[in-house]
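Just the one chain here, laid out as structure tokens, in the form predicted alone.
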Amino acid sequence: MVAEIGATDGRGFMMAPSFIFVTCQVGSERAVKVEIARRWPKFRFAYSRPGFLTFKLPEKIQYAEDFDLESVFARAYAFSLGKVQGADPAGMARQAWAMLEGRAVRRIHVWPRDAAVAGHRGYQPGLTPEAFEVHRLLCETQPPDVHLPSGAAEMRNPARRGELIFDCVLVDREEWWLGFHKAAGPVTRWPGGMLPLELPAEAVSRAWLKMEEALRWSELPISPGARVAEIGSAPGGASQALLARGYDVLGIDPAAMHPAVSAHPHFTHLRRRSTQVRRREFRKIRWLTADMNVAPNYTLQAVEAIVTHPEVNVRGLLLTLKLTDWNLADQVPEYLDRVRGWGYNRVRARQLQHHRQEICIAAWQSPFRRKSRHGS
């Protein structure tokens, strides 16, 4: 939320900040700049490194501490306080606290900008030992007037909604950028918007990570026992994440599923392409996911043919769209409008931490309105 200087609405607007910084996947920088220019045309791009950007904010504008940047490609963002530089981490930590100017923070988040393109030589964005060490230094050097709650000294615990967070991005070993934001949605409660997920030993593919992160980020209201169809299910990592939550899963894929998945009592495999599946197979499906190695319009066309059928009543979707060309990022607003056109009134998108060159769209109907009597 934004307002002109002097305006009040009970939300506790702060003094007008000068800059905002953003961290994102390496390779997504242009996509961030394009969408911010479209959504916030008065923001002015200022500085960047791979995976890190800053924007100059317009003057005489106030922002709520829980301001929503409404960005698909920004993994995390905060109002900037500036940077500290040096070769002495303890001294930098003390300088960092001096820049906070007495704000009543309740949590400290430290994370590195991405070191490489996601997936390059196995690289996966996440917290590093250096981030935990800097977090320890900031906790140890906090001023006497700062009172962090119990548990705040542990970055593996999520912030509570409404807590003001002191942010520290490790742009380089000797350069930290400081800022703050207020915890709101799920990803804003974790350092750098990165959920602490680890691939289970029994997972048959890293698609487990993508599905689990998508479910947590989207907060789709899927009840245990719900019927979920997954288009592009092989070999079964995402299906495992769905099954672990107690859903009945219909996997649709011409390729074989891993035996550990196909043997699950709540999993059914249709070894076909989605275009070969009769629509009556979807009559009892209430939630649909799709992750196919094809261009976005092909995925959207396949899903549209299912959810717009008069006898199909899918309440919500989780769609992974592969950006086979980075220029397709410019078309994300059109993709979202297309999904809204299917009758979904809650639609949003995000490039997840465990994504590569792709995004996730979450969409659902609230309230849910059936088109026919079929289904349960």
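Computed from a predicted structure; not experimentally measured. Throughout, we count residues from 1 along the sequence that is shown.
Below, we refer to the form predicted together with a small molecule, which is not included among the displayed structures.
The candidate spot formed by Val110, Leu137 and Pro191 is out of contact with the small molecule in the predicted bound form: none of the three has a heavy atom within 4.5 Å. From the list 95-103, 223-231, 70-78, 138-146, the contact stretch for the small molecule in the predicted bound form under a 4.5 Å heavy atom rule is 223-231. For the chain shown alone, Ser262 is not a contact residue for the small molecule in the predicted bound form, no non-hydrogen atom being within 4.5 angstroms.
In the predicted bound form, the small molecule sits beyond 4.5 Å of every heavy atom of Thr268. Under a 4.5 angstroms non-hydrogen atom cutoff, the small molecule in the predicted bound form lacks Leu199 among its neighbouring residues. Proximity of Arg272 to the small molecule in the predicted bound form: non-hydrogen atoms within 4.5 Å are present. Among Ala244, Ala90, Ala116, Val294, the residue placing a heavy atom within 4.5 Å of the small molecule in the predicted bound form is Val294.
For the options Val303, Leu178, Val249, Ile252, the residue carrying a heavy atom within 4.5 angstroms of the small molecule in the predicted bound form is Ile252.
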